[in-house]
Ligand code: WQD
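The chain below stands alone and is given as structure tokens, in the form predicted alone.
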């Protein structure tokens, strides 16, 4: 069995955790990353956890020629797991062309180069944003996809459509698209975790940075939704559980168990937690009282999003195992360890 896997965006948050799980399962990993929203230090952190240093290629996947050259070097790979993308929802609204250019060009160039080199397997990092404002809950894979509220989300929807067309045109191509709900948490070692550039767009790093004194206070966007406590409900999933799902998807490709050329799976816990429940969990786990303020709703936010995960359980043999307190505890340990390390330097 060919166990060489290319991981684009492998120095990023979800990519780096997936690289660790791949190495634990004896895969030979090659990371492609342009380091635009990540650090090469992550390679050393992965090595300290696994004892294995993955091969690293610094490559801008928007550059079609460079992409072709680097994939040619690794044309004996079994497949590609594609994380490389800009991912800040708010920024995508302000800079839509940057997002369409980066997220779609990188996908197109990767697909073109891997196809030219006979690499016919692909796992795509998608998002629950492709469902838009769902008409029913929990969200199943049969829910109709809709125009997402942000250019970021729309790049994920468009990417899935590109993969669908590509898999119809080339019958030897196999792809799995994994639709994430809300990844949080960090590796149990505290060596890697979520480290956004600038002001965080996601709830969990904003919470931990507020607790660490990096941010003055946490803004809670709206408490007048039709939910138990008025704050929006989301399906939070531990990033390590998410990473393990990619390994399960990869084995599905290796074992040739696909029932169609492009398959899609929801990745969540199947449970929703409100923003206030997440805050209360953090305060309980950390023993720290958070400084937060209730402000107006954020445009585009929907009241509730949570997944039905039966299909991933049945077809991939995967199920989320870690609970909310474990997610929050690991995220806080990562934040503390990272700040202690950088302060020491």
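It should be emphasised that the depicted structure is a prediction, and the values quoted were computed from it without experimental measurement. Residue numbers count along the first chain shown, from 1.
Another form exists, predicted together with this ligand; not displayed. Remarks below refer to it.
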Worksheet item: Does any heavy atom of residue 63 come within 4.5 Å of a heavy atom of this ligand in the model of the complex?
Response: no
Practice prompt. Please check if residue 113 has a heavy atom lying within 4.5 Å of any heavy atom of this ligand in the model of the complex.
Written response: no
Worksheet item: Closest heavy atom of residue 301 to this ligand in the model of the complex, within 4.5 Å or not?
Response: yes
Item to complete: Answer for residue 137 alone: is it within 4.5 Å of this ligand in the model of the complex, judged on heavy atom distances?
Response: no
Worksheet, complete the sentence: Assert contact residue (this ligand, in the model of the complex, non-hydrogen atom within 4.5 Å, options 214, 93, 219, 254) equals 219
Worksheet, complete the sentence: In this chain shown alone, the residue from 83, 122, 131, 236 with a heavy atom within 4.5 Å of this ligand in the model of the complex is 236
Worksheet item: Can you pick the stretch from 242 to 250, 162 to 170, 227 to 235, 70 to 78 whose heavy atoms fall within 4.5 Å of this ligand in the model of the complex?
Response: 227 to 235
Worksheet item: Taking 89, 152 and 202 together, does each of them reach this ligand in the model of the complex with some heavy atom inside 4.5 Å?
Response: yes
Discussion item. Pick out the residues of 144 to 182 whose heavy atoms come within 4.5 Å of this ligand in the model of the complex.
Written reply: 152, 181, 182
